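Presented as structure tokens, the chain that follows is alone, the form predicted on its own.
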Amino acid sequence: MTDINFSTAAGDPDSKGSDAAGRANELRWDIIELLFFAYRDFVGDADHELEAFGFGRAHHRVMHFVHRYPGLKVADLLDVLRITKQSLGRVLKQLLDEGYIVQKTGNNDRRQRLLYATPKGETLVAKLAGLQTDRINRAVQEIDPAGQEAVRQFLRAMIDRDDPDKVLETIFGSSKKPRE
């Protein structure tokens, strides 16, 4: 039987080439695992609520951004969520059909599809955001304001360097501000 030999780069899932082998002892397993579990529980609160509606995380993300940025263009939502048009179409159709979102044509460009949350959609988003806010408040209750700012800085730094500005520009341009 033939022996199969793998190079370090091909056989080591932690390896991205020669410098990864040198970093093996420096990997941030502690932070990686904390992020996995924090994300699991952060979205899990909302996931449980969404199950009753037959919705999933994609529905939640769409509802969140449509609620926060009324009149959001479908094209901009695709950029923000980084999902395919087909994936968004399926989720959006369900949210439209069930009355959580309405779609209007643009005033200046009739080809634009602008999205707005309905009162029913706003109620759902408020409930989900309330669950997530409760979890955040529990997590930061004993952290001083400087520590809370450090958490915000850390999370902003985790986003691709070119993405935060692009996302903010995409969502609310130079003049619009997000809803509080």
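Numbering starts at 1 and runs along the sequence shown. These numbers were taken from a predicted model, which means no experiment stands behind them.
Same protein, other form: the form predicted in complex with the DNA, not shown, and the subject of what follows.
Taking the partner from elsewhere, Gly56 is found to have a heavy atom lying within 4.5 Å of the DNA in the model of the complex. The DNA is not drawn, but in the model of the complex it has no heavy atom within 4.5 Å of Val102. Remark: Arg68 does not count among the residues lining the DNA in the model of the complex, judged by a heavy atom distance of 4.5 Å or less. Not displayed here, the DNA is kept clear of Thr118 by more than 4.5 Å at the level of heavy atoms in the model of the complex. None of 120-128, 37-45, 147-155, 58-66 except one has non-hydrogen atoms within 4.5 angstroms of the DNA in the model of the complex; the exception is 58-66. Along 105-120, residues Asn108, Asp109, Arg110, Arg111, Gln112, Arg113 each place a heavy atom within 4.5 Å of the DNA in the model of the complex.
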